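To begin, one chain is listed below as structure tokens, in the form predicted on its own.
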């Protein structure tokens, strides 16, 4: 993500810079947009015009009645996407001030939109392939009512941390699997631990064998790349409000194993470690955001590839918990690696456990590409995470965990099987398997298979990994 400085001022007279003035629909009195452009104030619409003695560019915010945090975040992203054309610019939001329900959260959303709308993964592109004739830009100025100045400055600092964490997750997801191996991910986690003052433990392959991480080892059996299990630990300076575990699925490339995916199904499978990326990204800024919980972040990392040593359909794996899983489909591997990570989290005394995983295509079928599924054994935890997701602009929809469906994962030869009934409740079956490993802890499973990746440049997203879940966790743990 381009390093972009945000300055907050209370006067718009910034000479020599393009001035954008954000207005919603209906258009307030005094807005003199050019009649030629027929400006209506629709979201992302722009038109040149005058405001007093200033030449400005009006930027539509959409219907005033719909101006929630998500709309404000989109407004910030719309502004950011114009910077390559206009260069360093000014955004005046004072015409929207009366419409902000909660000033600080709305300003955080606006600044997040500016920063995340500016994200682009260029690490592997040559200069020749970059867009031509882009203006240089390194800063933006946001004009706010004078009484908002302190709140805006604080909100900008929070948004920068949220955006930097999200950008870290996106960078990890977007890096090709050839280089973003489990070992490389562990190296990045070690660097993050050193920078953020976190304790870290990394289980290598021998550690995993010694400590009976059978689910992880079973998935890793077909790859030449050794697996890793990572635990990062954050402790606040005072007495913690509680002990939380974050658990992320980290399949750095998923071919499906011997249950091989079709070619088209593999094209985006470097993104199958989005859950682990979100966990690492969240951990990276907890200290800077003064989180008051003790948090352990667990990331289970491996490739899932076919070979002569790969786990075969019909094999049985013994997980760290001692429970056995019959593997009927090696492409249902995320639940296998998570079984060990969840067990470690419970053994370490977590009171609340949240896992994130690009787990099932069934959840995408149910909820589409923009909404994540949430499953839980605790309704208060669900409410808290859904509320955090609303703040972050990351929506969730609760799906059930009916006890009568537990029979869907009954095995004839093991404690359970890794597949449910054919064509029926696949996301629920996966969640029910995970529930077998959380003990008495309050637990929520976030199936982020749909919103973990964007197929186009839109709103705050660039095509590729989205970092979905990162800002939800941050809002939940620190807001």
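Residue numbers count along the first chain shown, from 1. Keep in mind that this is a model prediction, so the values were computed, not measured.
Just so you know, the form predicted together with a small molecule exists too; it's not on screen, but the next bit is about it.
Note on contacts: among 303, 92, 272, 112, the single residue with a heavy atom within 4.5 Å of the small molecule in the predicted complex is 272. Put simply, of 155, 376, 319, 360 only one has a heavy atom within 4.5 Å of the small molecule in the predicted complex, and it is 360.
Heavy atoms within 4.5 Å of the small molecule in the predicted complex are found in one stretch of 327 to 335, 191 to 199, 276 to 284, 174 to 182, which is 327 to 335.
Against the small molecule in the predicted complex, the set 231, 444 and 471 makes no contact: no member has a heavy atom within 4.5 Å.
Contact annotation: residue 419 falls within 4.5 Å of the small molecule in the predicted complex, judged by heavy atom distances. The small molecule in the predicted complex comes within 4.5 Å of a heavy atom belonging to residue 254. Within this chain, residue 261 lines the site of the small molecule in the predicted complex, having a heavy atom no more than 4.5 Å away. Put simply, residue 428 is far from the small molecule in the predicted complex: not one heavy atom of it is within 4.5 Å.
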